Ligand SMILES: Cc1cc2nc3c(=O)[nH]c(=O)nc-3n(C[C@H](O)[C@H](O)[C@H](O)COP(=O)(O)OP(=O)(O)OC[C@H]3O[C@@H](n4cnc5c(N)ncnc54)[C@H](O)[C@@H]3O)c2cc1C
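Consider the single chain below, provided in structure tokens and representing the form predicted on its own.
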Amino acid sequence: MTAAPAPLERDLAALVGGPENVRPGTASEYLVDAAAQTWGLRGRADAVALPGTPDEVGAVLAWCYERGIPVTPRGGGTGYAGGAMPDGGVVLSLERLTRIRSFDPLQWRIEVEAGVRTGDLRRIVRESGLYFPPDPGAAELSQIAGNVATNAGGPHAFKYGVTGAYVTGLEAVVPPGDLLRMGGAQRKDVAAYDLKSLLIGSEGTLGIITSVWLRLIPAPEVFLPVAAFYRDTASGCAALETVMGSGLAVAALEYLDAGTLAASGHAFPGGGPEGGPGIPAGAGFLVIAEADGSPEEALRLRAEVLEALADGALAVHAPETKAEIAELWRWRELMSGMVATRLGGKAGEDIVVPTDRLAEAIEATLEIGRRHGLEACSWGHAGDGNLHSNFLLPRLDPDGELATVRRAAADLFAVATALGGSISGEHGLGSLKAGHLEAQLTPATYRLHGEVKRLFDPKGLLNPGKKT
């Protein structure tokens, strides 16, 4: 016999179209995000609501706000910072908001609801010869509102920018339950304060995004990546500086350090002897740069990239066919999983530093690992100075290794700040970095940060404990 729904679930069902759109608070898939795989973390909730319209989102928030019940907005749950993990109250999942509200290919714009998956969006616009450049690693699972809420990036953010650069308007529900529109189809607007930019990257702490206006660009015809191997970090970073200093407008500029190559190099496509899998002997650093544009433009730029990367390289791999290029990027997208399997687990952070301090941050990651007795490595978006610094673990033990990792992460955040950077480049703060933001900001700036939160959410019920 099925248990009768709890009173909270019954009340929510009346707001979201019936009991089929409510889950119990024990529904495990709504209590974790990708951070759980690393940290073994699990949130807690009293119920899960799945509204199907913006008005239903507003009704749920208004009902909860009146009763002092926390609300945790949730997209695809692909975040690495615990941003979607609840700490009691109601999880508000946006997975049913999946309409394409309008698509105007001739105007290079689209409006989509919050739950549209990033990969689906990219395919829809590509069919019309257009391009939505942000390409976070979990594009097949992540949802557009989550990308906006974290201002997600990806490898091609170097040339094209992060998600927020493409948002011209938002529809969002803000406390106590008001449905607002900020911006819209127009590309320029300086009449009012740029409120939409406050919600971009706010991790669901200021409002719940229900739809997004996005600008698009014509799709490049050709993508031609180049992968160059170097003996060590110094020579690899020198090659990165050559590419940037030469003014080469590559679409992506990535790096992998020696520890990352040790975990993943066996699967590298086309880098080994006679073009087979694997990496050349002695390789301790990899640079991936990608040329794009028309066939003529991409070929010309790739030739210049090859010349820039050749000096000091142990080997250079330049895939030609679409299948070979897709295989290279697929390998790059699987990096996190391959590194995690080296010892059985890992904890990853995503600091960002000025690009001229990248080599220092890479070496600091290793030094911090040594200091805490942890194997460490990093990879990331070199052109943006964005490191995915990882500490490897033989197992997940919240009372043992993970406690050590938390101390190592705190040291890493201190390094990022000292180098003039930030404790997060694209993953956000979530719950895992809670309490570390104050050290990055001046007292006056941190106070203003808190005042913005209180203005939007005076009761502190929207995704509490995050973005602090």
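Values in this document were obtained by computation on a predicted structure and should not be read as measured data. From 1 onward, residues are counted along the sequence shown.
Not pictured, yet referred to below: the form predicted together with the named molecule.
Site annotation in the predicted bound form: the residue of P136, G265, G383, G345 reaching within 4.5 Å of the named molecule with a heavy atom is P136. With the partner omitted here, the residue from E349, D292, E203, D257 that has a non-hydrogen atom within 4.5 angstroms of the named molecule in the predicted bound form is E203. In the predicted bound form, the named molecule sits within 4.5 Å of a heavy atom belonging to T78. Remark: P73 counts among the residues lining the named molecule in the predicted bound form, judged by a heavy atom distance of 4.5 Å or less. Taking non-hydrogen atoms only, A145 approaches the named molecule to within 4.5 angstroms in the predicted bound form. The named molecule in the predicted bound form is not approached by G89, whose heavy atoms all lie more than 4.5 angstroms from it. The stretch in contact with the named molecule in the predicted bound form, judged by heavy atoms within 4.5 Å, is 78-86, chosen from 238-246, 303-311, 78-86, 125-133. With respect to the named molecule in the predicted bound form, the three residues G154, G207 and H427 uniformly fall within 4.5 angstroms at the level of their nearest heavy atom.
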